[in-house]
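Form predicted alone, single chain, as structure tokens, below.
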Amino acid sequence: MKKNVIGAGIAILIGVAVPLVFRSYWLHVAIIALYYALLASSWTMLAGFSGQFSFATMALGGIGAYTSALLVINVQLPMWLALICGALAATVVGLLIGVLVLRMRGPYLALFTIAFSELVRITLNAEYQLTRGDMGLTVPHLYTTVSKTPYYYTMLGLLVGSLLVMWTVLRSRYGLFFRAIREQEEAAAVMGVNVVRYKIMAFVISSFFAGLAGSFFAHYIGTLTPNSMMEIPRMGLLIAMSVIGGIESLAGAVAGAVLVEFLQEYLRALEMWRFVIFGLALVLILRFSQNGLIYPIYQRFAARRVEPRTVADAEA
């Protein structure tokens, strides 16, 4: 526990120091990486810990983004209140999805959430008068300054706070119920776990943080189009980030998102070939390290904490 806190503290200190090292462009990349890190960790909590493989995370982020943007534009709602409302809108939609379909499992849930994501994207594209479709909705920025540093620290604070909440939930008895459902729903139900209730709970919590990430993204990037947020390939990239980092680790999801986003920028000169590299990396990781790159390292680190007792220790 102590070493976990130390590790988290070091990671936060590194994150705080980033604006001192990176210039404007790479600071922008870092902000986008943290945005994807929040989305990836919310998806990891849902899929990695409760076993619900959903393709709706990007769509829920888009719902949060458009809700926040439209409330500011049309209702002149204060920016920070609009961010919260965007997250809550995604939460309500997540609750509705949960009530409707979380009795499903496996490919049925995945297919439903793919259909839901496409439905949301097409609807936002078609509703031109309200969302301006693929022409793009101009969104007021969160800060008036041209500097990206306030945006970076805001996104870092949102990520750290969200991870703390998710980590607390996963370490509670609710987290144990999520893992029990992931491993074997029937056995969990026999032991008295209300499977549907806790699946809905996991989906709702994940939806809130996806909506929060999307709301921030809207007021940072300044222009929203449905295709820029909710295309299925973007959801595939988000899943790849989580898998590469470690699907059973929130820290792994964050590390995977940061790693993939920065590698995308470094390899941008390779154009389409960079996706071939990512695909090959994903195949190799799934073949040789199914828990990603970060989680196995954590397991080995954790295993060293408990040293076996020697005969002399036993005699003492």
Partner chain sequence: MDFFVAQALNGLIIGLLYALIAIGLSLIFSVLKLVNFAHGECCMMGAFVSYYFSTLFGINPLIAVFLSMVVVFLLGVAMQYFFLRPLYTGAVERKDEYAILITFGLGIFFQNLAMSLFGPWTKKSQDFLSGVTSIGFLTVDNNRLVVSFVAIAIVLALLLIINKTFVGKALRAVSQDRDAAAIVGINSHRINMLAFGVGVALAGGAGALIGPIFLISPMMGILPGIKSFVIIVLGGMGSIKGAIIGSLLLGEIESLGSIYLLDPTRGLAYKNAFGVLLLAIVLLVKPTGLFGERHVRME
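The structure presented is a predicted model; accordingly, all values stated were derived computationally and were not measured. Residue numbers count along the first chain shown, from 1. What we label the rigid core is the largest C-alpha set whose atoms superpose within 1.5 Å from one form to the other.
Although not depicted, the form predicted together with the partner chain is the subject of the following passage.
- Note on the interface: of 207-215, 87-95, 156-164, 239-247, the segment with non-hydrogen atoms within 4.5 angstroms of the partner chain in the model of the complex is 239-247.
- Using a 4.5 angstroms limit between non-hydrogen atoms, residue 81 is distant from the partner chain in the model of the complex.
- Under a 4.5 angstroms non-hydrogen atom cutoff, the partner chain in the model of the complex lacks residue 267 among its neighbouring residues.
- Interface residue remark: residue 114 is counted as part of the site for the partner chain in the model of the complex, having a heavy atom within 4.5 Å.
- Remark: residue 73 does not count among the residues lining the partner chain in the model of the complex, judged by a heavy atom distance of 4.5 Å or less.
- The contact with the partner chain in the model of the complex, taken as any heavy atom within 4.5 Å, belongs to 110 out of 169, 77, 110, 201.
- Contacts with the partner chain in the model of the complex, taken as any heavy atom within 4.5 Å, map within 268-287 to 272, 273, 275, 276, 279, 280, 282, 283, 284, 286, 287.
- Shown in the overlay between the shown form and the other one, fitted on the rigid core, is a CA shift at residue 269 smaller than 2 Å.
- Once the rigid core is overlaid between the shown form and the other one, residue 281 counts among the residues whose Cα shifts by 2 Å or more.
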